[in-house]
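In structure tokens, one chain follows: the form predicted alone.
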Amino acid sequence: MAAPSVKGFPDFQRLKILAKDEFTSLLDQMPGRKDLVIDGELMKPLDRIASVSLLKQRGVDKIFKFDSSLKSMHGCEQRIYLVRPRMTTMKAIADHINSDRNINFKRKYSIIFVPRKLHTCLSVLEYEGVMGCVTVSEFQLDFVPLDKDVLSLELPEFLKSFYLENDQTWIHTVAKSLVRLQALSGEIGHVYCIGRGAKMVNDLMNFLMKRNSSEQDFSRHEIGSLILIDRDVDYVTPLCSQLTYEGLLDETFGIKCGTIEFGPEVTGKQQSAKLLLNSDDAIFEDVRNRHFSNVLGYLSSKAKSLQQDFDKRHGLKSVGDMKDFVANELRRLKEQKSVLANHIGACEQILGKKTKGGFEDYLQTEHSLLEGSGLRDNVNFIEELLFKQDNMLKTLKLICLLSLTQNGISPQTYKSLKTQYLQSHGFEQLVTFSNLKSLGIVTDQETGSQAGTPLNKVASGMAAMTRRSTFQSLCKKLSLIPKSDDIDLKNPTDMSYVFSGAYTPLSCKLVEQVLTRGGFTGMEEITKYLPGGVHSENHVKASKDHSTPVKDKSGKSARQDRPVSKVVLVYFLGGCTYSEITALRFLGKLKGYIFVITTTAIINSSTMLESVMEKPPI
């Protein structure tokens, strides 16, 4: 991989180039005109690496979005399916092929699995009798570079698949993505795992790399440390209302694979506008990590400054100056004006939504739940939302936070809230509560069937006290709830500013602790509360320049020296939020680290809950 390109960040654009080359090579395996049928969730990731013009150059005639409900499809005599490895998808493709065979239409078929083929999918094709009609290949599209410091697998289904269904299929994809990354950037010396899935990924990564620390030379690595974090270690953070500009854009409009679409209500025109949100947009880069309260003022001052630049044209005296202004400045100013207008319009829409529907009361209840205070008032507020039949996701978020911060809801309250929720939003949501209980997000503080005896009452009471202490204990030991209410949101000094100073993201605080301590030593009172346990490994070869202990075979980390490189790869399994990305960027500036955030997907509270909710019948 090339040397660090943007302020010390490794150049991840090569990942995009390699993916493009691999995909075009797969297209060339079927020469001539062909149709391309793309899985819906792969369209935006593919758009980031291969343009439509490139596909046309490679012989793609028409591009279709895959629709499993269609029993047949028209098109030319060659067709390529670009799909995720799912059995239902294979059944739909088999139906397309059999439909063509029934009318004696001869067509060549190719299936490209992303990121790899599975035996179960091939078995479906064989069962349907079409295996001999298709050629099968793999496209290892793993990391999609969304920005200079953000890489995503764009696998939103990982959370439900792994944590709810205990399906370990995607663990291989995560491990393989790290292997491919290290093939370009050099092997990572320090690895820290927080959670069960993190340890599984690390073990599989080591197996795939066939790593032998005694024979490796890590003197030229670009990434110093890797921190793998399971989402189930911290479900609280993604359920909190995001208050940074980028986070609010995602919650209000939805950011898909780094792009956002603003409707006419934002653009003020008939047509919508699509924006690529990354650091190349100077205006967005200036406001993305700000607390929302400081965004509109900044954009207003930027608009005035831009207008002054436009007005400079009136002071131009010579034709040469005017020509130079038109050639060099005018286009740039017009582009900035258009982008600025879109961001101001977006801010107005966000403000309009946040000033309606009692958002301040909602936020106050959320912060109260995090603090563990006013429990009765918080339950009353949730019940009030249920009586009003308010947005089902908003209400469910608060129920989830109530359970997570109290380590379960008392049986009586749990039964009452669950019954009211089902009556308000439909009894199919019974499956949703079952899923959330399996995930450990919404649980009741069960007292057990033998709680009637005095001894068992005392035991169950002690157990309840222990349960209730978990989240609050972590808050106390890690100072997740700032003691001071006077947080400077304009010039912050703490990561908690991303939630208006009410809460510091647990996941980000754990990253800070691991880097500060050089491992998990001294964190025993913290790690005992984390599900799945912790694990660390050190693969940096000892040398005269930086003496570092060899791999800790017990799995318990001995204190390690600070890695040579200040680049830290933080990998979220199950998704991360823009608030966490912003908090890590701030931590990097504060501590002098360069954080590269990698994740299975970018999520928010709504997308996380929707992935495990039972969809109402249409």
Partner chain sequence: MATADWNPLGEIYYKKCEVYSMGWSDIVDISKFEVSAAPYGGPIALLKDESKTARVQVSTKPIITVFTAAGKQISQMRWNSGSIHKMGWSHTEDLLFVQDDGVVLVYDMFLTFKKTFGMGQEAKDVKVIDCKIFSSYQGTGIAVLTSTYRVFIINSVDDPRIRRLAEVPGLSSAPSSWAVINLDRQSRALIAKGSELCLIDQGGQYQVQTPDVSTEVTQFLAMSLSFNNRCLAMFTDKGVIWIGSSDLQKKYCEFNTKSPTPPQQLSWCGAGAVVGLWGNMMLVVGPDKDWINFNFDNPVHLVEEEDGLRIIGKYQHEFLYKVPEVTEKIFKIGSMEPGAMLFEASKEFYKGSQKADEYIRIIKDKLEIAVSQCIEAAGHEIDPAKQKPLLRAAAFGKCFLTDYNPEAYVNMCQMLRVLNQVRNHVIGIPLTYSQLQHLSMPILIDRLVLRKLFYYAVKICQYLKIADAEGASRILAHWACYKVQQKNEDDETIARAINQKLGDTPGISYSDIANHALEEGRPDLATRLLDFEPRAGQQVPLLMKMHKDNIALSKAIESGDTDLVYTVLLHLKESMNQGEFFMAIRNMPIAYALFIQYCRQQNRKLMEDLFYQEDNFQEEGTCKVVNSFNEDRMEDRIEELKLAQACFTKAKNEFAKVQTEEQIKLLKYQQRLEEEMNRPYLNLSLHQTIYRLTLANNHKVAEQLRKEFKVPDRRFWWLKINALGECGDWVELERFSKGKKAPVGMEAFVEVCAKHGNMKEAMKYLVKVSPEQKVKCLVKVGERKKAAETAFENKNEEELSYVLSKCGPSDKQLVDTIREKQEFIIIQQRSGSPSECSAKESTSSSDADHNQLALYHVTCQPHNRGYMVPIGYKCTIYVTCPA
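All values derive from a computational prediction rather than experimental measurement. Residue numbers count along the first chain shown, from 1.
Same protein, other form: the form predicted together with its partner chain, not shown, and the subject of what follows.
Residue contact check for Glu261: none of its heavy atoms lie within 4.5 Å of its partner chain in the predicted complex.
Residue contact with its partner chain in the predicted complex: Asn166 places a heavy atom within 4.5 Å of it. In the predicted complex, Phe427 approaches its partner chain with a heavy atom inside 4.5 Å.
Within this chain, Lys415 lines the site of its partner chain in the predicted complex, having a heavy atom no more than 4.5 Å away. Heavy atoms within 4.5 Å of its partner chain in the predicted complex belong, among the stretches 400 to 408, 383 to 391, 278 to 286, 224 to 232, to residues of 383 to 391. Proximity of Phe9, Met131 and Ser272 to its partner chain in the predicted complex is absent: no residue of the three has a non-hydrogen atom within 4.5 angstroms. For the residues Thr493, Ser338, Gln423, Asn102, the 4.5 Å heavy atom test against its partner chain in the predicted complex is passed only by Gln423. Think of it this way: in the predicted complex, its partner chain has a heavy atom of just one of Glu265, Glu360, Glu126, Glu524 within 4.5 Å, and the residue is Glu360. Contacts of stretch 195 to 209 with its partner chain in the predicted complex, defined by any heavy atom lying within 4.5 Å, are made by Leu204, Phe207, listed in sequence order.
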